[in-house]
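Next up: a single chain in structure tokens, the form predicted on its own.
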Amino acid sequence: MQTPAPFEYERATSVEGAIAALERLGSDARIIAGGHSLLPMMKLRLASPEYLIDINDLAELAYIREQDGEIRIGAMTRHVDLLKSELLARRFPLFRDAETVIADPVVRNRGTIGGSLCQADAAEDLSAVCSAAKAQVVIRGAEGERVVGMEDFHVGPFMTAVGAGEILTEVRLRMRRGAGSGHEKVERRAGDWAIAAASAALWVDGGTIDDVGIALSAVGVTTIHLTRAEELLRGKPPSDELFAQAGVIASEDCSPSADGRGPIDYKRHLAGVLTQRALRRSAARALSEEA
């Protein structure tokens, strides 16, 4: 049986207490919430923190609410609550699309959106979802808080903009008219990591695409933000032909590796097909909302 290296454990009772503990303990400390990403890495000795700071008691970070023209999601919000949220299903349905195919009920009942984003695993669904939805995240430390766009949040494989002594506290989604979004995924079996997945969000105004976000999971060393495909779509009416062109770009701009889930050409093909599907689903929802 694989077991983690020895570590000390501390349970935080407030956000300020968690930040103080991180400052006191330094770089050898890690935050733990659901633990479904960190604990397996610790068992494999891929991560060996000397201290774990448990933030499961921080109910102040578990919420989904509408405020100042945004949907705000606390970092401790569980997957199951994202799945059940009628507000998200109405405004950003790609969250529900993704949550129905993330892992299994055990993981969804314990895992959190903050933990998923901070793990920065390229195969993880919510990073692509938040990138496509043009989310911003709030990072808090002893000096205060800062707001970072998803394009700047993931800085490398398993690396984020969250610095030493800081924690992610909130995800923000700006609500706009004419919005539609969707998430598409292919996996070997239910609950598995993706072979490939695509998230898309469109904002349609007057029959043309005013803004768009597209991101891919599991076909590169980080979540892939398809800026070239987005530039192609802006200012044009939604169409299957246009989405097919975006799919070609997705196949070209991803960088998958061959593994037990499939060869490179297969994954590139999936990236293109899933991008088209996500865009078609997003467009149907956006045009329905605009009408």
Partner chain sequence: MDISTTVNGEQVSGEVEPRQLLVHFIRETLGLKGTHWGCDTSNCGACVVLMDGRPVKSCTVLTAMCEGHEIRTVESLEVDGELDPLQQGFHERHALQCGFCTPGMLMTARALLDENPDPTDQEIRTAISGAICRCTGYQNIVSAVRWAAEHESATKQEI
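Since we're looking at a predicted model, the values are computed, not measured. Numbering follows the first chain given and starts at 1.
Beyond what is shown, the protein has a form predicted in complex with the partner chain; the following relates to that form.
Contact annotation: of the candidates R172, R96, R78, R140, the single residue with a non-hydrogen atom within 4.5 angstroms of the partner chain in the predicted bound form is R78. Residue N56 is the only one of S255, S239, S48, N56 with a heavy atom lying within 4.5 Å of the partner chain in the predicted bound form.
In the predicted bound form, T208 stays away from the partner chain, with no heavy atom inside 4.5 Å. Contact annotation: D104 falls within 4.5 Å of the partner chain in the predicted bound form, judged by heavy atom distances. At the 4.5 Å threshold, heavy atoms of R234 stay clear of the partner chain in the predicted bound form, well away from it. Shown alone here, H36 lies within 4.5 Å of the partner chain in the predicted bound form, counting heavy atoms only. Contact here is defined as any heavy atom lying within 4.5 Å of the partner chain in the predicted bound form, and by that definition each of T3, L52 and K84 is a contact residue.
Annotated contact segment (heavy atom within 4.5 Å of the partner chain in the predicted bound form): 187 to 195, selected among 172 to 180, 128 to 136, 88 to 96, 187 to 195.
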